[in-house]
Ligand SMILES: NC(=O)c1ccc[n+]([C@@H]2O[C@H](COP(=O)([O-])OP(=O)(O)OC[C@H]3O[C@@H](n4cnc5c(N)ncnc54)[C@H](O)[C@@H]3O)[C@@H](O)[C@H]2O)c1
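Take a look at this single chain in structure tokens; it is the form predicted alone.
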């Protein structure tokens, strides 16, 4: 509601005479005040009509400009949550495939706002703790709470372990692991103080089973699971949950790019169609690379009341592939 006070009304004294101009001016002022009140009431009504299980709540999602991050942001927005989307949205020189752009980030913001909820977009690097802290502070300032933190930002890397140099190792570890740690660090004080919150850390099927093709990436995703369990233990008494989600083969630009398609089979460049057929062979259910909305569905569930007592767990969205893992 606005704190502005209505302008004082003009009152005729016993000796003053009301002129035609006074009447017209007073009428115009009254119409202006009424129009302003109507606009304010309409805005309040629009906000009050935001529905869904997460109406009035706020989510912070990293790596949200496209792919799984965007799917998670849209899934929570569809439930009525306001969303702060955070993405570097520019190319990192040493990443060998195209990253999301500023245009992708703007497109995601527009799509979320079209759902009738609030959205703040922040172009920032998860390696920068102060940038993440500033973004969650914006969430509090604009929307009043930080209810969900989705640490999704990450990059991939393919090749034999001995082939990676110091810079390549640091890049993947700094983004995929230290970046997630910094998301948890940024969100923790707020959620602890308010006595509630849900954190979801994006791991991978390669965080549940090793990968010769993605060894360093796999190591970071195993570490993310350990971080999720440790965070669940640390924040449980504050009514904050933390879980890890492990996708398998998702149709995003992380996998659908020339770098991956030309490297996944040594000496052979695959088409996306061939890669998709290979995914069908790996999955137990009859699907190839599936859409990121499937991960968004899982995240939406983990943020809901039905998952209130689930913490420190690992959710495989594996199309049955995870049935082969040890219990």
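Only a predicted model underlies this, so the values are computations on that prediction, with no experimental measurement involved. Positions refer to the first chain, counted from 1.
Below: the form predicted in complex with the named molecule, not depicted.
J.: State yes only if every one of 59, 85 and 150 has a non-hydrogen atom within 4.5 Å of the named molecule in the predicted bound form; otherwise state no.
T.: Looking in the predicted bound form, the three residues 59, 85 and 150 all stay beyond 4.5 Å of the named molecule (heavy atoms).
J.: Mind telling me which stretch in 183-191, 89-97, 232-240, 113-121 gets its heavy atoms within 4.5 Å of the named molecule in the predicted bound form?
T.: Stretch 89-97 is the one.
J.: Heavy atoms within 4.5 Å of the named molecule in the predicted bound form: does residue 218 have any?
T.: No, residue 218 is distant from the partner.
J.: Is there a non-hydrogen atom of residue 252 within 4.5 angstroms of a non-hydrogen atom of the named molecule in the predicted bound form?
T.: Result yes; residue 252 sits at the interface with the named molecule in the predicted bound form.
J.: My question is simply whether residue 178 lines the interface with the named molecule in the predicted bound form - judged by any non-hydrogen atom within 4.5 Å.
T.: So residue 178 does not count as contacting the named molecule.
J.: Under a 4.5 Å heavy atom criterion, is residue 109 part of the interface with the named molecule in the predicted bound form?
T.: Result no; residue 109 lies far from the named molecule in the predicted bound form.
J.: Could you spot which one of 146, 75, 199, 202 gets a heavy atom to within 4.5 Å of the named molecule in the predicted bound form?
T.: Spelling it out, the residue with a heavy atom inside the cut-off is 202.
J.: For the stretch 110-147, I need every residue with any heavy atom inside 4.5 Å of the named molecule in the predicted bound form, listed N to C.
T.: Going through 110-147 in order - heavy atoms within 4.5 Å of the named molecule in the predicted bound form - the hits are 124, 125, 126, 127.
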